[in-house]
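One chain is shown next in structure tokens, namely the form predicted alone.
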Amino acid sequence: MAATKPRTYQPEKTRASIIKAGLKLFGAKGYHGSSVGDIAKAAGITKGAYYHHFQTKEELLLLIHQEYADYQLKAMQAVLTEDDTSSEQLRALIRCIVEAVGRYRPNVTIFFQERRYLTKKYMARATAERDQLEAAFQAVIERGITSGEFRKDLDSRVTCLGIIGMCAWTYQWYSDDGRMSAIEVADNFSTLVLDGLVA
């Protein structure tokens, strides 16, 4: 009988399986209705293996958010390094949000629905990432106001939060099978926003 090759442990693959299981179960049963045992079983691992990767179930919920947030922030930083006009940068930032929501819609949906279960420590980490996004948008808007590219009668903070809220809310209705791609939706939003902002 031929010798069986020993199984090779692949931590990244195991971690990805846990995240996939968490997305599926949190989406179907909610955070509170899904135990670590449920997640481990769905991922095809033991509870011990789960705790090798995550200290708590809460940490998994945070990582589900961070997958989306990290992708979005990386794209945003690339936009901010370009020497573009405020209008061009704002259009690109809107694309960053909507495209990220389209790509990570299950993550966004679960986080918005289940974030109330995050304790102060974990929520602070999620809030810090959100603050980076808001700061980038507000800085672009204020630069456009200062240069005269954008209207001076609009409050930069309120305008910033309004744009981000509009873009983030696409998780409620956007579908890959819809008649518009995420980029087309973003461009539609950009036209709506810039028509109201440009001086």
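Residue numbers run from 1 along the displayed sequence. Predicted model, so just to flag it, every value in this text is computed and none were measured. Just so we're on the same page, rigid core means the largest C-alpha set that superposes within 1.5 Å between forms.
The discussion below concerns the form predicted together with a further copy of the same chain, not included here.
For the options Lys41, His53, Arg151, Arg143, the residue carrying a heavy atom within 4.5 angstroms of a further copy of the same chain in the predicted bound form is Arg151. Residue in contact with a further copy of the same chain in the predicted bound form (any heavy atom within 4.5 Å), chosen from Ile45, Ala168, Val36, Leu63: Ala168.
Heavy atoms of Leu161 reach within 4.5 Å of a further copy of the same chain in the predicted bound form, making it an interface residue. Heavy atoms of Arg115 reach within 4.5 Å of a further copy of the same chain in the predicted bound form, making it an interface residue.
Contact check for Ser175: no non-hydrogen atom falls within 4.5 Å of a further copy of the same chain in the predicted bound form. Using a 4.5 angstroms limit between non-hydrogen atoms, Asn188 touches a further copy of the same chain in the predicted bound form. Core-aligned CA deviation for Thr170 between this form and the one not shown: less than 2 Å.
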